[in-house]
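You are given structure tokens for the same protein chain in two forms, set apart as structure 1 and structure 2.
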Structure 1
Amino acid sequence: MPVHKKIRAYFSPEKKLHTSLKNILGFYPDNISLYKLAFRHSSAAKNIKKGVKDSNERLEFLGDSVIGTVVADYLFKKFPYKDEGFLTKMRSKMVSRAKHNQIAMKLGLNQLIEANNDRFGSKPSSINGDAYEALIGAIYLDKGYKFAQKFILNRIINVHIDMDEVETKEVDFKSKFIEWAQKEKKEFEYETVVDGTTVPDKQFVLNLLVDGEIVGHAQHLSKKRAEQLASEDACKKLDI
């Protein structure tokens, strides 16, 4: 660690944030303003231009893309003989909203988030995961892709993700879809097209509708399993 970075952090008006980030991330930021922005939820942000707020939403968008790219590259190399379907499911588990929330809590990012709880009553369930994605966006802009990639591999995947558990654990796509629908305030319905109890092949055929439009379709001998498969189909189409 260059001495000048430590000295600059010590005399910075943001000394406390510098120190917290050094403890969490293992390095001192160069552009501390990026990291301040990464932890500012939209509820605590101000309008700066034509409805655009100085919140972490743009960094969140960027960080989500960086994480997805790093994870895809990691899985492609780790599983050279697995097909696209397997890799897609593994990536979905590793970059899920629940996983990002979990990682954020393990890193202690919840202690750094700036939010106005009065704006929405209580903190939304995704606020910690959003801050984690925004943080990765900040690291990418501050240090570059290679540095961000190394950070994700060495300090996130190798430390906080159990790959054996990820590989064997099934994703609850129905819960994932419902969480998204509630967050986005969308009306949804699992429509039974064919009732398996009334047909010879016993197959349930379901559509999943959002605001009246079909976004998922599936069939299975089990109605519950058909709902899971329709939810998985919807999650892929809606990029949830």
Structure 2
Amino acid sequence: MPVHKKIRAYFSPEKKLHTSLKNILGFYPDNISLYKLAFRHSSAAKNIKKGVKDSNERLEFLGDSVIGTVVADYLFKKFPYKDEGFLTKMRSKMVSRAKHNQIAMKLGLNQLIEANNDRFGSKPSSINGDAYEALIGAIYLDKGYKFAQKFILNRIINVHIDMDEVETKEVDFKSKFIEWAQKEKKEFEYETVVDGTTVPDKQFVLNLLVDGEIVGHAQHLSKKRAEQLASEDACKKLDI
């Protein structure tokens, strides 16, 4: 880092953020305002123009995509003899909301998030993962793709993701969904539309309702599997 940057960082009013970021990221940011934005949850954001807030949601959109590409590249090279179905499945486990929340906590991002707690009873569970995605968006804009890629590989995947676990673990969407519903205090119901035991072809047809609205739908010979599939459908639709 050039001396003038060190001096600027030292005397900057954002010195604390600078130092925290250096500790977490391993580098000093150039454009600190991007990182401040990355940690600003919409509850703490102000309107900058009609209908537009200075929250981290736009950076989250960008960062989410950058992570997806870096992980795609990583998996492409790590598994040269696996087909795209395998790669897709692995990626969706590596970039899941739950995984991003975990990573954010491990990095300690939760201490940097600016949110207005009065606006929600309990913090939405995704607030940390969203900040992680936004942070990657900020790094990408501040330092470029290659830098963001190295950060994700060296400081996230190699350190915080157990690839053997990712490869072997099947995602239990029903548990994931129920955990979300309980946290968000939502009423839900697995509604049997067709009972597989009473019809000749034995397919169970299920709807999953949240507060009376259908958010998931599935059919399968096994009721248990149909519940998993309906939950997976709901998790996708509700971005859980």
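Residues are numbered by position in structure 1's sequence, first residue being 1. By rigid core we mean the largest C-alpha set that fits within 1.5 Å across both forms. Note that this is a predicted model, so its numbers are computed, not measured.
As for origin, structure 1 is the form predicted on its own and structure 2 is not. For the rearrangement between structures 1 and 2, modelled as two rigid parts, a different rigid part is recorded for each of Glu191 and Ser92.
The smaller of the two rigid parts turns by 28° against the larger between structures 1 and 2, as judged from C-alpha superpositions.
On the core-superposed pair, the CA position of Lys183 changes by 10.1 Å between structures 1 and 2. On the core-superposed pair, the CA position of Ser231 changes by 4.4 Å between structures 1 and 2.
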